[in-house]
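Next comes just one chain, in structure tokens: the form predicted alone.
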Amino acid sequence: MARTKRVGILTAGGDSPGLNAAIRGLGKAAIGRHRMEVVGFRDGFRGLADDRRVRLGGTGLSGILTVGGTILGTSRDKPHKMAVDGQVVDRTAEIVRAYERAGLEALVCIGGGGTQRSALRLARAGLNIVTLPKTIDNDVAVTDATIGFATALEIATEAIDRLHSTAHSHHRIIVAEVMGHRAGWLALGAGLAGGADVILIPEIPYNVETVAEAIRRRSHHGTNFSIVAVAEGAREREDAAAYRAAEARVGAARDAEEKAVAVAALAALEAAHLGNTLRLAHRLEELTGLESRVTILGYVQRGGTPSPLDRLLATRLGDAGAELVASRAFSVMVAARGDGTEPVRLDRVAGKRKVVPPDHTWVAAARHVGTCLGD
């Protein structure tokens, strides 16, 4: 009798809406269509290294489609850099042994950019790997969309909608900080959909005087309130130039000592950026004479029930992932392509980031409707 194929699933990195829908989509397709067994590993790559697994059958996959978070738990641990008893160790070999003990045909990793890099490392260690793209930032390379983005976009847009009334009532500047450390998809999309007057994203360094002037023009025309949607990673021009130079020094480092110094300098710039949204609001208040208030949306954007669009995307990607495992197509990520999917080699994805192009249609639309982008 032929051995029943067994596929493993884990979720890694930050949580996002739609993870459970992806687990369900992949699990149900693997069991119902391809007659596989499905096991889940708890808490990302750490749970895989510790061989903490749970069988996912019909009961375990039932009722989770609309549930936020992930039933498997998650962590940001990397296979080759995992804290154990106060030491950072490489647990890749332990992961390989756990994979073999579980008798897996393949391992499906659901996660963002860091997960794609870790998955590629495991593929190069000999494991059969398929990944699904997940992040509310929508910045995984070579895919049209990522699981979690649509829900986060709805949440951020609704927040900006609600902030309009209080900004109007009190003649204030409301600065809404939206997630997006390196990519501005979420701030740009929510700002555009929510009618923000100013949108600041990491890809377009801003001049605070330019922002203040846009707000003053609104006041001159009788509109004494403004909504500023700012991505957490948006930077003023000088800060952005310093950050790019520090990143270049890290990449150009010739030895470990030089790289350590460059990494420390980059970390110092990251630390100095903390609280930037509060400083921005204070400066705009000084420059415009309008009272300002800050709303930081934070983890609200990652929680709660996934939107219908995210449930659809997660189910489609999960189904496609099960199909790839069944056909033994490995070392690939399931990319969203319009209404379909496409397997993309992991080495085309790992280490890359999808950022907002300066000529993107969303950027053009924002400029055409009079939104200030700070430049």
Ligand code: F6P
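The model shown is predicted, which means the values in this text are computed figures rather than measured ones. Heads up: residue numbers just count along the shown sequence, starting at 1.
Below, we refer to the form predicted in complex with this ligand, which is not included among the displayed structures.
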task = Using heavy atoms only and a 4.5 Å cut-off, determine which of R162, R76, H168, H80 is in contact with this ligand in the model of the complex.
result = R76
Residue (of E232, D197, E154, E203) lying close to this ligand in the model of the complex, criterion heavy atoms within 4.5 Å = E232
message = I'd like to check something about R279: if you look in the model of the complex, is any of its heavy atoms closer than or equal to 4.5 Å to a heavy atom of this ligand?
response = no
task = Please check if A187 has a heavy atom lying within 4.5 Å of any heavy atom of this ligand in the model of the complex.
result = no
ask   = Is the gap between A119 and this ligand in the model of the complex 4.5 Å or less for some heavy atom pair?
value = no
ask   = Do M179 and this ligand share at least one heavy atom pair within 4.5 Å in the model of the complex?
value = yes
query = So which of 81-89, 235-243, 295-303, 267-275 is the stretch with heavy atoms within 4.5 Å of this ligand in the model of the complex?
reply = 295-303
query = Going by heavy atoms, what in 123-157 lies within 4.5 angstroms of this ligand in the model of the complex?
reply = T135, I136, D137
